[in-house]
Structures are given as structure tokens and as C-alpha cells.
Ligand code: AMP
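Just one chain follows, in the form predicted on its own, and it is written as C-alpha cells.
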Amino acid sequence: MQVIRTIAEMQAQSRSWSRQGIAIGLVPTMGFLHEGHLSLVDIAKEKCGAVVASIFVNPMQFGPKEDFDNYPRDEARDLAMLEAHGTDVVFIPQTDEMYPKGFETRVELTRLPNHLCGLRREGHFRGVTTVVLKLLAAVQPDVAVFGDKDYQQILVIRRMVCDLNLSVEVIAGPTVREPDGLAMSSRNSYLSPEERRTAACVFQALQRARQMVNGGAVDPIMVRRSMTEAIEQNGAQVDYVAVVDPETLEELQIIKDRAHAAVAAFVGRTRLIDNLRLKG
């Protein structure tokens, strides 16, 4: 496994693969990897002859009061995990490599970010789309794989790829969960043992929503209320619960052919997100 730290070297490697007719898969990460990330590497390996995993904690997608400085990092551990899963290249640029002096370009969508997490984290998706476009330019992949836990992010990236006519296929890998249903996340490491037990309520709320819809519920207000109760009665704090159209993320007035539930909740000081298809 090769470690590359500059954009120029990464582009040279990708050009070499392309000349050989080797398809390239990219798995963008912010490091501190878990089984969810590794499942995305496995998907990329099934699709492509060469797999690149990137590790970059992107300052542009963190707000001024968010956890950029404290975000967990362990490069040696990450490299060992990626090598064990057959990754070909790990691309680890420094901040000044991605955003050199004088950098002033931003990539921004006007509609999809104005829902769910985008309403709570100003500028977050502008940072996401900007860094993802730069990673795509550096790696030049045929396929890019993202985790379905970050559902809104996937929609935003697919919209950007479509709008900018980028020749990359964006694949969503299924959410990987702990035995109690908690979606795997690097931020789970922030949770104390008691908070970790509480955190299971996030997925339980989503399951409750699906049960209601399977049972014939059509009123999103009732579904949201039940989800909120499932979270708050366990001692967590709701940031948002939503029942939305799975493509537009618009809040539904009535549940008909398709519906998606999304949750953000604070367990202690840790913000957890999750989502689940309810119908369609």
C-alpha cells in the first residue's frame, strides 16, 4: 500500500492507472476509521481495479463552535486497517496542500443544503462540496463511495456531480450498525459508557417511525412526535426529527408513496445523525 500526500503525485498515479485501463475507486474519509468505512473500501474493491482511500479532516465543513480541533485522529491505526483491506493508495493531504495561500473558491448548492443538517450547520455543505470536488480532481476516480448514514450528504454530492457533468459514479454504501442499532461513526468515540447506552435510542426512534408507517400511519406530525418521544424519554436531546421526500428532502404533509425519516440528536455533547427509509 502506498501513502501519497500531494495532489500532483496523486494525479500522476491516477493517470498511470487510467493509461493501463484500470478503473479507480475513491473512498473519502476524515479518518479514525471503523467497520463502516472499511465496508465502503470493500465496495470500491468490488467495482474497481485500484482503490484510493483519502484521509483529510476538512476544516471548511466545521463551524466555529464545532469539534475540528478535537476530532479523533489516529493515522497509524487507519493505515493498518486500510492495508488489511487491500487498499492500494491512501491519500493524506495536509491542509495547506488542499487550501493553499490565496484559496478563495467555494462550491455551493442552493436548495438541497437548506434542509436537515444544513439548517443547523451553516456553511457545512459548502465545505463538503468544495473538498469533495477537490478530492475528485486529485484522484480522478471512476467510482466514489460514501456511507448512507450521511444521507443528505450523498444527495448533495450526487447533485453536484450531475450539475457539473463530472464523470464519476457516486455509490451509497449501506449504514453499518452496532448490535444495538447505533450507526457506526467516528464521533461515537466521544460517548461515555452511559451515553453509549443512551445512544441506541436514535435508531430505536427510526424503527418506531417505520413500524408506524408499516402499520398504516400517514400523518408525519404523529410520526415525528413519536420519534421525539423515543429519543427524549431516554435522556437524549432532539436537534431535529423529520419525515421527508427521499429525493428533495422537503417535509411531507402526508405519507403516501415514499418517505424517509432523518434524525439528529445530542447524547451528552455528542451530536449523532441517522436516517431510515420508511416507504418507497
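Position 1 is the first residue in the sequence shown; the rest follow in order. A quick note: this is a predicted structure, and the numbers were derived from the prediction, not measured.
Omitted from view is the form predicted together with this ligand, to which the following refers.
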Answer with one of 155, 90, 183, 117: the residue that has a non-hydrogen atom within 4.5 Å of this ligand in the model of the complex. 183
Is it the case that 31, 147 and 175 all touch this ligand in the model of the complex, with a non-hydrogen atom of each within 4.5 angstroms? yes
Specify the contacting stretch among 207-215, 33-41, 225-233, 244-252, defined as having any heavy atom within 4.5 Å of this ligand in the model of the complex. 33-41
This ligand contact in the model of the complex: residue 190, any heavy atom under 4.5 Å: no
With heavy atoms only and a cut-off of 4.5 Å, decide whether residue 71 touches this ligand in the model of the complex. yes
